[in-house]
Ligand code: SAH
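Next up: a single chain in structure tokens, the form predicted on its own.
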Amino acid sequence: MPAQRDRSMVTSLPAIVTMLVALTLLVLAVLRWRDNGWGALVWLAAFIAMSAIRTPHSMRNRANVVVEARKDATEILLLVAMFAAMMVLPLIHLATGLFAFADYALPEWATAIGAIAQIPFLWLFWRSHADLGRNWSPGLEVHDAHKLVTNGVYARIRHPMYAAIWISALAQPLLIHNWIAGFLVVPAFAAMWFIRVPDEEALMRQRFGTAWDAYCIRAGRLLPKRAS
């Protein structure tokens, strides 16, 4: 029992350190909002909301028993690149101004579009997690009780969560006016979309067979299909 408790403490230590670093960067970023612009405050608020939506699902779904997972070098590289471009680099820049040499200027109306886009992004991000429930995982995984979800926002769109992240990725350079901290997320997520999604769909087809094929006929990847 003591050995198990020690292993648990070692496992949780990196998570605690990561959370403390993230909180420190968040506080510093908020304090520097005048240097970063009001769009950065909107991005920070959306970042906090996104984390609040995902964290409970991530914690709960750790109990899932994974029966198949695809974690090759490409998958790991895509996840690391996306994590860096969507979270780490923006936080570092907003907290320290490290990438100020890569700043660019945008008109106020462009920043306003990015701010308004956070509304559909956060709603779709929340609804996607809520509808998936225990079927969500951060990686390409299938667990023992995995179900094919075709209700809610998944009724006519196969990848509403990716649709939400597309909105966020395209809005980020409108809120953070920097080629590294703002714009870099666009090619990073494009790579994930074009490389990872076909593998994810192949995994679903392998798991659910004809049910998946029938679902693909009536549901589009990012946008609803027209009713025939």
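Just count from 1 along the sequence shown to find any residue number. This one's a predicted model, so the numbers in the text were calculated from it and none came from an experiment.
Note that the form predicted together with this ligand isn't included here; everything after this is about it.
Colleague: Do all of G139, P160 and W212 end up near this ligand in the model of the complex, with near meaning a heavy atom within 4.5 Å?
Modeller: Contact check passed for all of G139, P160 and W212.
Colleague: Here the chain is shown alone; which of L122, A81, A95, V149 has a heavy atom within 4.5 Å of this ligand in the model of the complex?
Modeller: Selected option: V149.
Colleague: Taking any heavy atom pair closer than or equal to 4.5 Å as contact, tell me whether L91 reaches this ligand in the model of the complex.
Modeller: Output for L91 is no: heavy atoms all beyond 4.5 Å of this ligand.
Colleague: Is N135 near this ligand? Define near as a heavy atom within 4.5 Å, in the model of the complex.
Modeller: Within the cut-off, so yes.
Colleague: If we define contact as a non-hydrogen atom of the residue within 4.5 angstroms of the partner, is Y154 a contact of this ligand in the model of the complex?
Modeller: Judged by the heavy-atom cut-off of 4.5 Å, Y154 is in contact with this ligand in the model of the complex.
Colleague: Taking heavy atoms only, is L25 within 4.5 angstroms of this ligand in the model of the complex?
Modeller: Contact check for L25: no, nothing within 4.5 Å of this ligand in the model of the complex.
Colleague: Based on heavy atom distances of at most 4.5 Å to this ligand in the model of the complex, which listed stretch, 160 to 168, 44 to 52, 175 to 183, 28 to 36, is the contact stretch?
Modeller: In the other structure, the partner sits against 160 to 168.
Colleague: If you look in the model of the complex, which residues in 86 to 124 sit within 4.5 Å of this ligand (heavy atoms)?
Modeller: Sequence-ordered list is empty.
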